[in-house]
Ligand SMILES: Cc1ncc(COP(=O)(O)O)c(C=O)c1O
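Just the one chain here, the form predicted alone, laid out as structure tokens.
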């Protein structure tokens, strides 16, 4: 039987999904804190707009780059909310933020080149690099500073093989928001080496403790920044699969050509949903934001109250990167907490080599379930 190519065989499943699958096979009441998906439903006005569009015949192909009205809505949102200025023709609408990342890596990383990522890091970047026949290089950020972006470490790690640097802010898995000066320094160093910075900002709308400008707004080299965004997180639209990639017009034109042979275009109905989400009433999304911020505060308080447990303060997204204070593999701890105490977390070794003993907790769940989850975590760590 023929064997798959190395680029397919070398792609590994994330530890997040390993825990997800283990939980699916587990009987009994589980507190699910492993997956980063809002527990809110998509607001009604977005669903109504999509349904109306479908009934009115918006069920056909769109242009490869997306509906002009959708590109305009994204362009206006980037400028108005995040200070990132791109004309609509510098935006391509994608099938979720995942496709935007895939296209960004394909467009910047040539075979044998390097994708540089500060660690700890979201595991899918390594697969994206593999699919481009490149390699991922993780640059560990110091735990003693809460994994804040250390620009000097990233810049020192750049080489002639570095094609792009991924900066994820707010961070998955730590919830940290990267300092603007550090981001600016990385972009300038990348530009000096004719490399790109891929700004993964799908959580930027969930920033709690400071300004919410995009990385491209910080720098004098916006042509070296590719901005990835999505409706999934801040708009509770994970299942709609609607994201975007914004950047230099020439690169966006080339990326749009590639899409003719991949997804062709994002769902026409989902694009109408995105228009409604981005341009329509914002009160439902503001309510979600306030709920996530309340949950973040709860998580900080509960972590402080558990002896031996700590984490960097989540400044955005909906993750806490827990240090359980136990010298054991994170996967073993996560399996124990699942099997013996009924709480599901993602092991830290699924987020690179920087912090293998940690556990990622997603607070995209109700206050009651988060409280119950912490009760179980506290009991489990005491008994481990």
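Numbering follows the first chain given and starts at 1. Computed from a prediction, not measured in an experiment: that's the story for all the values here.
As for the form predicted in complex with the ligand, it is not shown, yet the points below apply to it.
- Using a 4.5 Å heavy atom cutoff, 97, 230 and 233 all lie near the ligand in the predicted bound form.
- Shown alone here, residue 241 lies within 4.5 Å of the ligand in the predicted bound form, counting heavy atoms only.
- Within 4.5 Å of any heavy atom of the ligand in the predicted bound form lies no heavy atom of residue 292.
- Though the partner is left out of this view, residue 245 does not reach within 4.5 Å of the ligand in the predicted bound form, counting heavy atoms only.
- Among residues of the shown chain, residue 285 is not one whose heavy atoms approach the ligand to within 4.5 Å in the predicted bound form.
- Note on the interface: of 177 to 185, 134 to 142, 202 to 210, 74 to 82, the segment with non-hydrogen atoms within 4.5 angstroms of the ligand in the predicted bound form is 202 to 210.
- Checking 215, 101, 165, 273 for any heavy atom within 4.5 Å of the ligand in the predicted bound form turns up a single hit: 101.
- In the predicted bound form, 122, 125 are the residues of 103 to 130 with at least one heavy atom within 4.5 Å of the ligand, listed from first to last.
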